[in-house]
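The chain that follows stands alone, in the form predicted on its own, written as structure tokens.
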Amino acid sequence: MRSAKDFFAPLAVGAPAPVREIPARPSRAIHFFDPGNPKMAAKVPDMVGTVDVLLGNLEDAVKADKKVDAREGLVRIGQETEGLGAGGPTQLWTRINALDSPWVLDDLTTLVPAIGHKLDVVMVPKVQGAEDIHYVDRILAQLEAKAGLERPILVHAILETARGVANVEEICGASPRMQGLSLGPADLAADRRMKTTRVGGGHPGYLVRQDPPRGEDGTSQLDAQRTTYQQDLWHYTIARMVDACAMHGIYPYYGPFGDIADVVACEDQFRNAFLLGCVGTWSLHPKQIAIANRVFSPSVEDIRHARRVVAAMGDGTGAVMLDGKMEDDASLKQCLVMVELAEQLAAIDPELKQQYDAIETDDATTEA
């Protein structure tokens, strides 16, 4: 067991000091691209500033004989693309190969020396427990020290196994590097033996059914037409992930939504995750970036209400009536979350800034 006093000590001589608080950088969409694909790589410079995070994917979506091409392509992109990573308008992330794969060590030993100064986050797939984070933590510290980096690279874990979900709290607290977690619904479904072949989203078989109506004699009319309501397969896992992240001061994300054509269902799934506490999601196609940016940005109506509550509550004590509803210190805390997020987004999104700046509030409060 490590002493709490040692938790923020570097794990290698010469490595940068671990961060004590994870930066709250907007990351509404984590857009995945194959850095070994020339067509995708050519689009990256034009995407800088239009998406919060660009992630060079080295893992499952890249074929075995293309792993080296993807790794080398990411190095070129990191070195040559202005404004990408290192505090630029768009963060640079990568998803490395699984820790039991033959490629992961080369991923880390190649990327950190070459573009570690620009790399914001390393996403680790199929994390099972804290031991996986400890392994990556130590290797990154050694490579950072050797490369002379001045800031630590953060780590993001994907929940893709039942064991990972069972160990989610210890994963979140395994290292000061932990930036956040993402839900990996496809691999998690397979590991749990769930009976779905969809990548994220709901399932028509997972539903609740309206009670049967009763006849005049009080008996249930079981053959009557009854409404069904499709349920969210991922509600439990997302809620547990959000709680674990909040406990450790890191950030939860929804993962991929595989049906690219169904933008309506995609938006619904993203909004469910946003309302539960997720700060962003993955984007597998450019059309999903716009959906994520819209969903994970508070609406003008929400910010108008939040600002009115903040203004009405003053020092945060007591309670007030606003439009016939009671607002108290708990309401204020909820509204401050929204206002803070709006300020962060306005700093990077000129269109949102214009919308938020145009909000007018009035004073329609009375003491409760």
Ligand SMILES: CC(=O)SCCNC(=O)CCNC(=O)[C@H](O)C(C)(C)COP(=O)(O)OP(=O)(O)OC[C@H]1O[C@@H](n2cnc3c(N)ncnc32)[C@H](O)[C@@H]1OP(=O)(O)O
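Keep in mind the model is a prediction, meaning the values are calculated, not measured. So that there is no doubt, residue numbering starts at 1 and follows the sequence shown.
As for the form predicted together with the named molecule, it is not shown, yet the points below apply to it.
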Following C-alpha superposition of the binding-site region, is the pocket for the named molecule, modelled as it is in the model of the complex, open or blocked, where blocked requires 3 or more ligand atoms within 2.4 Å of any backbone or C-beta atom?
open
Using a 4.5 Å heavy atom cut-off, which of 141 to 149, 128 to 136, 281 to 289, 262 to 270 contacts the named molecule in the model of the complex?
281 to 289
Is the named molecule in the model of the complex close enough to 294, 296 and 342 that every residue in that trio has a heavy atom within 4.5 angstroms of it?
no
Between 329, 69, 60, 302, only one gets a heavy atom within 4.5 angstroms of the named molecule in the model of the complex; which residue is that?
60
Which pick from 276, 186, 250, 98 sits with a heavy atom within 4.5 Å of the named molecule in the model of the complex?
186
Indicate whether residue 242 is a 4.5 Å heavy atom neighbour of the named molecule in the model of the complex.
no
Contact test in the model of the complex: residue 31 vs the named molecule, heavy atoms, 4.5 Å
yes
Quick one: is residue 256 in contact with the named molecule in the model of the complex, heavy atoms, 4.5 Å cut-off?
yes
Is residue 333 close enough to touch the named molecule in the model of the complex, meaning at least one heavy atom pair within 4.5 Å?
no
